[in-house]
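In structure tokens, one chain follows: the form predicted alone.
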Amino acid sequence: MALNLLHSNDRAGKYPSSWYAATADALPEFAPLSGQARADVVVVGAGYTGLSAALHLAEAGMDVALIEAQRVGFGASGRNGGQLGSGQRMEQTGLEKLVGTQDAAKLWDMAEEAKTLVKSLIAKHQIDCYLAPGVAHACFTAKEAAHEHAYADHLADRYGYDQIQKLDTAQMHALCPSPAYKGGTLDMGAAHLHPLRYALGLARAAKAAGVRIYERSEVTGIDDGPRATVHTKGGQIRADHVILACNGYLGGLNGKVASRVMPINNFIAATKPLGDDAARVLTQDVAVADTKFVVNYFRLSHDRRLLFGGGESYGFRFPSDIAALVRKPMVEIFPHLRDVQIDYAWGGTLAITIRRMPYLVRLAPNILSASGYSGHGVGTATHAGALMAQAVRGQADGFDTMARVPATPFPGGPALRTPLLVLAMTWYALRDRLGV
């Protein structure tokens, strides 16, 4: 039985003690599932994927039950770096080789649709989540910067994407005054937001559309068939369709997905409000991700804190001192913050695939799954939920395009995938430190 990270690091039914949770208005708790129920569609997991799928299905007139083991937005959807990036997680040049230019072009268009979808949902449902444009990609060497600039040219020439500004060293320092970076790009078509407020806004919209939401209702099994049955400890629901939207918290619900989607942990710290000193971190209200394999990502909050994500941790348990773990890479980028007060530090579980592309799959004629967003989930997960909603209604072109992307199982299945990942990440982290 696969380890389920629902129970490894968090208090049951409680959001983590994050800056996000401290600055969001939580919804009243939804009651757990109890007894027998019926629905057109059961969605398992109330993160971005499940919330989006449920909302789109309900708006199309379907009877939808959304089942969540903890609270809505409890997992990565309520804890992440809040970056709404352009494109897929894999660069278009790699996708062109992997799936061909035709499907690569479709995947680019779908990624653009994902950004548009997030922005339109925020506008339509008046979700107050501090959405703002701009994501910079910061490079440590001139060689990396040259690659970034060439890739920006490729996106402009092949896909007509003209939202990226190429930054030399001086321009990067004017944006982000860190001595570590030697240029990069600034994508003003990308954006950043408060992830938990966005998730809770989707939940409010789903409830208003008629979705029945059940919290504290961990799914223990699914019986497939023309009418599937979803079991929890408190009850069961029969449905014509089931959507799995579990990402890093799938546990042992489906072995095919578990063999291709690996849960990993990541960590974020929030400093005290920096006031005027915030300009020594960023001079514009944009987010940043850099080129390390164990990526650093950061932005300023609306109250001028530095929200900094990064740090290495192997195994499924969170470290005892998350603040110390994140402070180390933060100080490498911003040495002047060596002694800054950290007010919040938290961890979360995301999920990756070998190629860092999401894994969408039809597990049975009436059971769909989407997961493995690999740190690119704000837009991709929201879009994947919409694609599954369309597929349930018989419009599967978008879902099938994503499902055609090859998804290689991790070697050795769950027993070996974690030690192999640790070995790989240790090697790449060493390369990061040596500047190789």
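Because the structure is predicted, anything quoted here is derived from the model rather than measured. Don't overthink the numbering: it's just position in the shown sequence, from 1.
The same protein has a further form, the form predicted in complex with a small molecule, not shown here; the description that follows concerns it.
- Here the chain stands by itself, but in the predicted bound form one stretch of 394-402, 25-33, 54-62, 368-376, 368-376, has heavy atoms within 4.5 Å of the small molecule.
- The single contact residue among 114, 268, 211, 202, judged by any heavy atom lying within 4.5 Å of the small molecule in the predicted bound form, is 268.
- None of 184, 263, 358, 75 but one reaches within 4.5 angstroms of the small molecule in the predicted bound form through a heavy atom, and that residue is 75.
- The small molecule is not shown here, but in the predicted bound form it comes within 4.5 Å of a heavy atom of residue 218.
- Among residues of the shown chain, residue 155 is not one whose heavy atoms approach the small molecule to within 4.5 Å in the predicted bound form.
- Taking the partner from the other structure, the small molecule in the predicted bound form has no heavy atom within 4.5 Å of any heavy atom of residue 305.
- The small molecule is not shown here, and in the predicted bound form it never comes within 4.5 Å of any heavy atom of residue 88.
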